[in-house]
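Consider the single chain below, provided in structure tokens and representing the form predicted on its own.
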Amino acid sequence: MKGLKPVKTRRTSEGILEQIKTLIIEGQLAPGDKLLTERELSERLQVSRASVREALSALNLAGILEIKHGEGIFIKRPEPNAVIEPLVFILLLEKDKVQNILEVRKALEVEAAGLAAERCPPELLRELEQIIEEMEATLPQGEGEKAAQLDLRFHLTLAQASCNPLISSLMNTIQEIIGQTLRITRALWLSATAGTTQRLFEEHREIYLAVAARDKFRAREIMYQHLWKVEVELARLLKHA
């Protein structure tokens, strides 16, 4: 298998994961392809079989590999409704790199907000309104799991309101990782900046109002500013951590 090199840096299993990820992204490994055996990978990468086993186990749990007893280890074929399996793989491996996730969110959600302003059907507009009402109702309770859940629900509903099935599918595909990063970003920001809960609510409300007003330019602008502010604030916090 071309492209595999000895692993000499960082935690060994992470190095193995990174190389397999790269091979999938570059198309050298495709769904249905058979991997080298555990022994062959150990020899090719010049690492212990225990490290190879750890990496393969992580990939299996992530749904990237399929282990067929008596046959070998294969790159798992996506389910019929799955969307861009390599993207999920990248995000699973890099879920702690919040910056990357925020960039993905900007790429998807800014346009989703604009499309929602143009296309949002009445029932989804009402659902967005209900989420905003629930957000406001939770303000006196302070930050908690409920607030993070409503945050994620708002963004997923907005993607659905774009009436672009691929945007909605992409958001749903990565929603678990978005949910994790939402909790991380909210916790970091709220712990360091007073008034953040109220400000986040107001930003979500402004996005909803722009969609309700069918103002696609304002919807895009507010969504971009919302995600950009989170990105900048987190960069500041992490720099001084």
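Note that the rigid core is defined as the largest set of C-alphas that superpose within 1.5 Å between two forms. In case it trips you up, residue 1 is the first one in the sequence shown, and so on. No experiment lies behind these values; they were computed from the predicted model shown.
There is another form of this protein, the form predicted in complex with the DNA, and it is not shown here; the text below is about that form.
With a 4.5 Å cutoff on heavy atoms, A50 counts as touching the DNA in the model of the complex. The closest heavy atom approach of E123 to the DNA in the model of the complex falls outside 4.5 Å. Using a 4.5 Å cutoff between non-hydrogen atoms, V104 does not count as a contact of the DNA in the model of the complex. Shown alone here, Q225 lies farther than 4.5 Å from the DNA in the model of the complex, counting heavy atoms only. Checked against the DNA in the model of the complex, the candidates D33, E38, D215, E203 yield a single residue with a heavy atom inside 4.5 Å, and that residue is E38. Looking at 150-158, 106-114, 132-140, 68-76, the stretch with residues near the DNA in the model of the complex, meaning non-hydrogen atoms within 4.5 angstroms, turns out to be 68-76. When two forms of a protein are overlaid on their rigid core, residues whose CA moves 2 Å or more are considered shifted, and A55 is one of them between this form and the one not shown. Annotation for A210: C-alpha shift under 2 angstroms between this form and the one not shown, rigid core superposed. When two forms of a protein are overlaid on their rigid core, residues whose CA moves 2 Å or more are considered shifted, and E71 is one of them between this form and the one not shown.
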